[in-house]
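Below, in structure tokens: the form predicted alone, a single chain.
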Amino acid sequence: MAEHYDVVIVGAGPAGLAATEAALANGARVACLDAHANLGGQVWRKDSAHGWPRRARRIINTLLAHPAMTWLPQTQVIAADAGELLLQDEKHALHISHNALIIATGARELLLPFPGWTLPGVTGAAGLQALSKQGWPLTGRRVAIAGSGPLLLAAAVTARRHGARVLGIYEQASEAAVRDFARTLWRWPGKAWQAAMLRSQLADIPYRCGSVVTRAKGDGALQSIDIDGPHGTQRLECDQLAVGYGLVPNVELAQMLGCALRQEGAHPCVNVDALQRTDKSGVYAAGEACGIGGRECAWFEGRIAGLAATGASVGATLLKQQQHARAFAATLHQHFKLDPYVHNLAMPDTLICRCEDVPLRALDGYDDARSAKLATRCGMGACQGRICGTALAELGRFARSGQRPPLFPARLSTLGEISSLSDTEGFVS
């Protein structure tokens, strides 16, 4: 028998926590699950040395103490049907059913290929944050941070906090674009204050606009990088490179449930109405899964979804706050739009699929992801195309093919439980 909940929330970042808090406040029995061991998601990931941020710690402690809240850590959705989920934790397969489901699955980092990007010592910007918070040693290491957007500043602050020597921040957007963006921040005083605080903590670190890392070099591990900037190409010796070109919504669960999606640039996101409802009855979505919007946007949308899922009214003030946060996201995307130059860094011999060692030239002549996958195994590795498929979509090669269950690697004993779901046709093919 499946354990039943009024509301099940998939994802424990800001959107998931806000939804949990709102649903509990309206008397619902709630289950919140996440692939990580701790609540907080990526934005509020628990730091092994410093714990959670103050605001997150207060919220998390309150939720964990609530008698109507069930926390399911290190748990992933393997299969889904209307009103029911098949889950897997470290040891067991779990069935749970629900009246309402809130998808708060967040986003993953956009990694774009360039020569040397697979060298040990090269990560994403968000990846560097996650590693350092989990205790990966950075003390004394020379770190360069590159890519696009405010995440670079946050990554630099985190790296320095963990003892790294940050050599510079290299932003692909032009100086004019960054300056114009700064001029819009008067509309969002909180964002202006955050930006000022980050810059003050990094005042002694070079911040170079219009600069792109074109190559990483090293014998077995990263030793130096080439940076193409306004004054030509420079070589920089470093031990660690973090390159992040933004985020991409995680929509796999929504796809499995048949929710309508919409395109945000080269990537899909979940389509919702003003109350965060998808086109599937009883299914809601909030935060980055609905389009990259940032922490505040995720919080407001999670709260809206939690209220709507429990039948509570949603105030006009909350809806206005969400719209204001989405307006900031649109402005951010406009000013930090990727330069086409970034899309053309990969050479014919540059690996695209790191799992299966597939170079870019092997994909020539294919018009769709499925054909390329069948011929080259591109996208058939451990990440199931989450990295290479997303990169190829961003590069305009071809859109990602549809996601088939299981959403994540599953034990055979877990897969044996799929037959107990109401509709198994899509899972046994």
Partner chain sequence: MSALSLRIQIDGETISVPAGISVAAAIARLPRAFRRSVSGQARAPFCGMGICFECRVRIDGVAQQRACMVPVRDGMQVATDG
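Worth saying up front: this structure is predicted, and the values here are computed from it rather than measured. Positions refer to the first chain, counted from 1.
One more form of this protein exists, namely the form predicted in complex with the partner chain; it is left out here, but the text below deals with it.
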| query | finding |
| --- | --- |
| Interface membership of residue 127, the partner chain in the predicted complex, 4.5 Å heavy atom rule | yes |
| Contact label in the predicted complex: residue 131 to the partner chain, heavy atom within 4.5 Å | yes |
| Contact of residue 341 with the partner chain in the predicted complex (heavy atom, 4.5 Å) | no |
| 4.5 Å heavy atom contact, residue 273 to the partner chain in the predicted complex | no |
| Interface residue in the predicted complex among 363, 369, 387, 33, criterion: non-hydrogen atom within 4.5 angstroms of the partner chain | 387 |
| Residue among 76, 310, 99, 184 with a heavy atom within 4.5 Å of the partner chain in the predicted complex | 76 |
| Stretch from 171 to 179, 184 to 192, 104 to 112, 228 to 236 whose residues place a heavy atom within 4.5 Å of the partner chain in the predicted complex | 104 to 112 |
| Partner contacts in the predicted complex for 330 to 363 (non-hydrogen atom within 4.5 angstroms of the partner chain) | 351, 354, 355, 356, 357 |
